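The data below hold one chain only, encoded as structure tokens and taken in the form predicted on its own.
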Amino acid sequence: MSPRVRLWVFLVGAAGFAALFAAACLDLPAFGTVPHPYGVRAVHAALSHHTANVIASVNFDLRAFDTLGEESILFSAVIGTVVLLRQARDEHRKDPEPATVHPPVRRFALLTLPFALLVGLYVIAHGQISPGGGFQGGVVAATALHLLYIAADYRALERVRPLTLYEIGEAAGEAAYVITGLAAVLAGSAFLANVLPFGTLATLSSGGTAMVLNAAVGLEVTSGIVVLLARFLDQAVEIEEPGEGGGSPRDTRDSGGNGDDERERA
């Protein structure tokens, strides 16, 4: 496809989007005059299903099917990254050398790691009660593990990050979401309908199916982000391209391009 054709395709798509967006904006309820009908219905639905966090009710109850699509986007992106960044035949892997970390950096990262991990798990577990949920908490929990890379070195991170386990966790999170939806169909309701007992409002067991779907998303996002970062870090630290043999593995964290510092830290 030539640049001219790509430009026309973009312009046609942009014009269509602009027209639909303008039509949607013109049909919105007046601002500040009456209660928003969608907001009123969302709050009513959340409270009737004992979900204190209205946003979680929208994500995992009212529009749970849309959330499945969002989760699947990350799932597909991780799979694509794994395929594209797999070790080629003419590449070889070399164990990174021990790193030298300044004591203040090491202490700060080691002290922060358990708290960051705990916050991520807390945000996931309380997604149907307070702001947060599986998406946000999953990112926090996954990145918290990588504080060990800052506190020690890449080898220490690899010891607490068995990739096979996280790859299984990502697939299990995606599968759990779909299976929960199919279970609702077997129960005689619609796909991803909230068919579980709603529990007591503002407790960990509240929200019915929303609680289960939130946990499934948390598992998928946590595992997926870990696998995603692992593939990028492998390319930067361990994988050597043809012609790089004899040197130390690449470490691209120093954007200044100081090769000696990069090799010492890797």
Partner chain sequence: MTVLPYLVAGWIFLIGVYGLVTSRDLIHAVGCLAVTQSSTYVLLLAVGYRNGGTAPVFADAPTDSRVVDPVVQALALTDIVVGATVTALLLALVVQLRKRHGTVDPDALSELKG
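Positions refer to the first chain, counted from 1. Here the structure is a predicted model, which is why all the values come from computation and not from measurement.
One more form of this protein exists, namely the form predicted in complex with the partner chain; it is left out here, but the text below deals with it.
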So in the predicted complex, does residue 197 come within 4.5 Å of the partner chain, heavy atom to heavy atom? no
Within a 4.5 Å heavy atom cut-off, is residue 222 in contact with the partner chain in the predicted complex? no
Indicate whether the partner chain has at least one heavy atom within 4.5 Å of a heavy atom of residue 55 in the predicted complex. yes
Residue 125, heavy atom within 4.5 angstroms of the partner chain in the predicted complex: no
What residues, if any, in 65-88 have a non-hydrogen atom within 4.5 angstroms of the partner chain in the predicted complex? 66, 70, 73, 74, 77, 80, 81, 84, 85, 86, 88
